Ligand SMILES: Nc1ncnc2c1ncn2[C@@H]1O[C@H](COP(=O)(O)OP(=O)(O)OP(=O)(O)O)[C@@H](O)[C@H]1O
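Listed next as structure tokens is one chain, alone, in the form predicted alone.
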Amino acid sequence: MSGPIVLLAGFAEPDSVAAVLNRGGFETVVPGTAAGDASELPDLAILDCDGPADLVGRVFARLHGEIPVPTILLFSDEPPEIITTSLSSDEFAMKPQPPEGLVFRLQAMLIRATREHPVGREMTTEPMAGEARIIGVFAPKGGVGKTTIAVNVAVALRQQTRSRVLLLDADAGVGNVTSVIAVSDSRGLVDLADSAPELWTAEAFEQLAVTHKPTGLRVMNWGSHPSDAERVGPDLLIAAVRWARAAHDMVVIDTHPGYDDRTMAMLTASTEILLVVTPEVGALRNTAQFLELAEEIGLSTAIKVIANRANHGVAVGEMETSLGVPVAATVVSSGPRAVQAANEGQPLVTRFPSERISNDLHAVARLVAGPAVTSSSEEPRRRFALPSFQRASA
């Protein structure tokens, strides 16, 4: 089955970009060919606004008709005039853009699109039911407390808002949120890994999610055995996020500390990224490198830096100078408490609610909770509106 169709327009040499997109699971077409000029609209589009003006204008008008097509608009120095008439489904990015970055952007656009489309499945015109905020928790270096923060922020969000919160463990092969919070790990995304994408249904994902009964937090594992990690690919994770976005109010994703396709797809799909760093030279160096990459591929505006174990090591002010960005929140170290809570399978914020570390974790949750209103459902909870997804890389 063919993948989502992406129209490449305005490119002087589209072949190199098309090759990378094809490897990423997309089918590419260009104007001037039967497929590119077909009456049926593509699923997505990338428009190089530095191309011939008449072609750019004609293609833009076609893509923004009665049924708009989510489009990435590329430009060199100045935003093109057509941006003033673009839609919220569009993204803008300065050139040069690495083709791999475009793959991740397109994957995220599929997740956010109002038309159902996990990679490799036929699109429909049915709108998604939910507009969950997606919070990716990331650290380019392991051992900085990323999973602990992901779990406790998810629990804190559930406590503060009483909304439907899902914790998605996307740290395939290394992480396992069940080492921090006591929920069953007998089921996971790996159980769908060998199924055809047509079977990645809402019902199938629903059966994989478990509830942490003391808090009401929902949890979805990737799996539990390291040998299964490679079976959980980015397409399956993307489909899981699409389901999670429709079925919940907030989704917290514990990502892998690296730059593989799965992690980059999850980060690009996130509405907020909590970038966890500790006050150590090595962690700061790796974090600074990631911030440079984030600027290149258009993720920088979504990032909030969280300084973990901030009461030891390099001072917060020096961290900000080293990274070139402000620290949005700090979390103190509480090693013995964290170990005890993990050994008992309880989140820190519920096991030691009066400790300073729990107050700090609640502050991180408040940082991303955003404006809320009470739902009219049977259980009081708050609903969240998605912020704009228009990201620029400069």
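Don't overthink the numbering: it's just position in the shown sequence, from 1. Computed from a predicted model, the values in this text were never measured in an experiment.
Although it is not shown, the form predicted in complex with the named molecule is what the next lines describe.
Look at 217-225, 307-315, 201-209, 285-293: in the predicted complex, residues with non-hydrogen atoms within 4.5 angstroms of the named molecule sit in 307-315.
The putative spot formed by Thr148, Pro257 and Val339 is fully lined by the named molecule in the predicted complex; each residue has a non-hydrogen atom within 4.5 angstroms of it. The listed set Val30, Leu55, Val332, Val327 contains one residue whose heavy atoms approach the named molecule in the predicted complex to within 4.5 Å, identified as Val332. A single residue from the set Ile238, Val183, Leu102, Val144 has any heavy atom within 4.5 angstroms of the named molecule in the predicted complex; that residue is Val144. The named molecule is not drawn, but in the predicted complex it has no heavy atom within 4.5 Å of Val364. Though the partner is left out of this view, Val69 does not reach within 4.5 Å of the named molecule in the predicted complex, counting heavy atoms only. Looking at Cys49, you'd find every heavy atom of it more than 4.5 angstroms from the named molecule in the predicted complex. In the predicted complex, the named molecule sits within 4.5 Å of a heavy atom belonging to Ile357.
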